[in-house]
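This document opens with one chain alone, in structure tokens, the form predicted alone.
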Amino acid sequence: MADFPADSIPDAKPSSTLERERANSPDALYDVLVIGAGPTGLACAIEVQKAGFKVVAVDKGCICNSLFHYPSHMTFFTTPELLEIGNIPFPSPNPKPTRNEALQYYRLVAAHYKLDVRQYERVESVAGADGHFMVHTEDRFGRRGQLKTRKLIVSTGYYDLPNLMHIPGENLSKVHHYYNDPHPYFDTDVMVIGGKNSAAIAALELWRSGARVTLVHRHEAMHRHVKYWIKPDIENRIKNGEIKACFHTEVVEIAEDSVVLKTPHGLQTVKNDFVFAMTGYHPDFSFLQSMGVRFEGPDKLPVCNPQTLESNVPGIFLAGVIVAGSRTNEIFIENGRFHGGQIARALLAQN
């Protein structure tokens, strides 16, 4: 643990204008550039910086952009200490911290380590090779830039790309692949597609906020990995008829006022106002491929050294959930936060 109390961590303060001008100089060369400023990306930047390397992190959104887009009142499934990075304690009065507590914690940690994080800059492409990478970026106003770095760490997560159903009507404005708040759906007919934690939580919160909820899942029951305190709740709501469940069922078409289901008894049209397709997400494989990263097997596991996390492309390291390819349920903040230490040790060994 750190040798200072958590409440002594300074609040976020931007770099001085002079420091920013120097860092943005066309001649500036970084030792390491981290793509992605989520918890794992921040952890990587911290460990690499502590090892003595000059590092910059770039994110297309804000710090911890994926967490920011979680439901505003969300509670984590894990305990505070398992979310800690940079050897900084995570103070929380709750056994399971909230999304807002986590965002504050990661802001404070980034400020404590004075990390150089370029928010709202999307990495468009990467050119060059080990020791001489050129990272091309574009900000939210369409302005293009470039950063030079010797090494790259890719920690882009997977939350930005939902698994689409590829059915008619999926692009209607009433269809959402992210759930945030139940209030706007009071007294409406809402369909939740999926059978895991996110679907169960959305269905329960929508029902408790006055929505008429139908849950659709292609398997015979809710997934066995639904958290133990959520599973009996959703199952009891279904048993009592408070939430209508359609198992062994798939959505085949979405219309403005209805949804067509393929059920064991044939096609069925259901009245509907909104759809939440909680069908999961996947990493940006095309971005990794554009840099030359190869994949193996049906789960698209990226080729990388399990000890160093260096990919098949020399100088490009992978961190966080993307290491597991399509198996996005294997790596979370709890274990991905240690990837920075692995990479920092590898960089020191190469130096």
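No experiment lies behind these values; they were computed from the predicted model shown. In case it trips you up, residue 1 is the first one in the sequence shown, and so on.
The following text describes the form predicted together with a small molecule, which does not appear among the structures shown.
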- Item | Partner contact for Val48 in the model of the complex: the small molecule, 4.5 angstroms, heavy atom | no
- Message: With a cut-off of 4.5 Å between heavy atoms, is Arg107 one of the residues that contacts the small molecule in the model of the complex?
- Response: no
- Item | Contact of Lys300 with the small molecule in the model of the complex (heavy atom, 4.5 Å) | no
- Wondering, does His282 line up within 4.5 Å of the small molecule in the model of the complex on heavy atoms? no
- Message: Just to confirm, with a 4.5 Å cut-off on non-hydrogen atoms, which of Trp207, Phe90, Tyr185, Phe76 contacts the small molecule in the model of the complex?
- Response: Phe76
- Query: Which of Lys231, His132, Arg122, His248 has a heavy atom within 4.5 Å of the small molecule in the model of the complex?
  - Reply: Arg122
- Query: Taking Thr40, Ser66 and Pro71 as the candidate spot, are all three within 4.5 angstroms of the small molecule in the model of the complex by heavy atoms?
  - Reply: yes
- Message: Looking at 166-174, 213-221, 78-86, 236-244, which stretch has residues with any non-hydrogen atom within 4.5 Å of the small molecule in the model of the complex?
- Response: 78-86
